[in-house]
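First comes one chain, alone, set out as structure tokens in the form predicted alone.
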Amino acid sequence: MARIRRTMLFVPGNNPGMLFNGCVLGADSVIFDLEDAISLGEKDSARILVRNALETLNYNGTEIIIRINAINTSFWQKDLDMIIPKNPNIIMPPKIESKEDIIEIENYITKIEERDNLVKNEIKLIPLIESALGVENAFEIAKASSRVVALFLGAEDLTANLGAKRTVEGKEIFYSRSRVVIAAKAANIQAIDTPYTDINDEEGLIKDSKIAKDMGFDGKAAISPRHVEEINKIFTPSYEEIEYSRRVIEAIEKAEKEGKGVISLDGQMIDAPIVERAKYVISIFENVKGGRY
């Protein structure tokens, strides 16, 4: 089963307090940011601070993601040189536009693993899709490497690239959201939605998160700890979803015992993707609710 990623909370890499408290903020994953949140003059110090945090702190199972700088900068290799030996769970490369971008990053990570005798392929990738070209190439990006475990849509840079106005309603990113979700699911990986950037608009956050879930996203990023609880609630399966998933599993188990090859539930054919979805829903429920409502 895929790791649960309902919420991914961005944490500036130059903020010692937030780095220290990363595992108590309620998010399934925290993203230590070395890119947009860090000014040019603080890149080196932020990188060192994040390295030291990985080296000395225990995050108690919270997934640790490092957003490195883009490959068209002079910083990304320095980021990987310093961070990879500390074994983060995920590297998030921004502004990915092609499979070649992923291959270049993967090859560089592999060289560091070989140099330092690290376990190969343990560190995964979540590419950040932030341009029209990246959206159009989403599937090939998703399939570029076995390290890729999810696609992440970044709407702020995307709308700037499109020359579109970012709105609360999000109509300008509907196609991009759809494309990223379809690409991710076709590649059998997860899709993570863009953050809702108004930290004071709880109603807007809830509405936007529900749209993302209904479209097929597995989780949503957050730029404020205040958003984590609501996003977690929305991406935690409802009682109805759990009951349906349990019935799917029961129907499959019964059919297997009876030797039936064709299985239906409520007039709907039950095939492998529905079964996998049911197992995934139940795995989320058991991990975050302990199996009880």
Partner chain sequence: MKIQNVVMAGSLESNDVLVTLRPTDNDKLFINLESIVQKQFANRIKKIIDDMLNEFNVESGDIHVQDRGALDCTLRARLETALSRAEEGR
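What you are looking at is a predicted structure, and each value in this text was computed from that prediction instead of being measured. Numbering follows the first chain given and starts at 1.
Below, we refer to the form predicted together with its partner chain, which is not included among the displayed structures.
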> in the predicted complex, which of 38 to 46, 255 to 263, 242 to 250, 62 to 70 comes within 4.5 Å of its partner chain (heavy atoms)?
Replying inline: 38 to 46
> Using a 4.5 Å heavy atom cut-off, are 139, 147 and 188 all in contact with its partner chain in the predicted complex?
Replying inline: no
>> Given that its partner chain is not shown alongside this chain, does residue 268 nevertheless sit within 4.5 Å of it in the predicted complex, heavy atom to heavy atom?
In response: no
>> How about residue 52 - does it come within 4.5 Å of its partner chain in the predicted complex, if we only consider non-hydrogen atoms?
In response: yes
>> Is it the case that residue 20, even though its partner is missing from this view, gets within 4.5 Å of its partner chain in the predicted complex, heavy atoms only?
In response: yes
>> in the predicted complex, does residue 283 come within 4.5 Å of its partner chain, counting heavy atoms only?
In response: no
>> Going through 14 to 40, which residues have a heavy atom within 4.5 Å of its partner chain in the predicted complex? Please give them in sequence order.
In response: 14, 15, 16, 17, 20
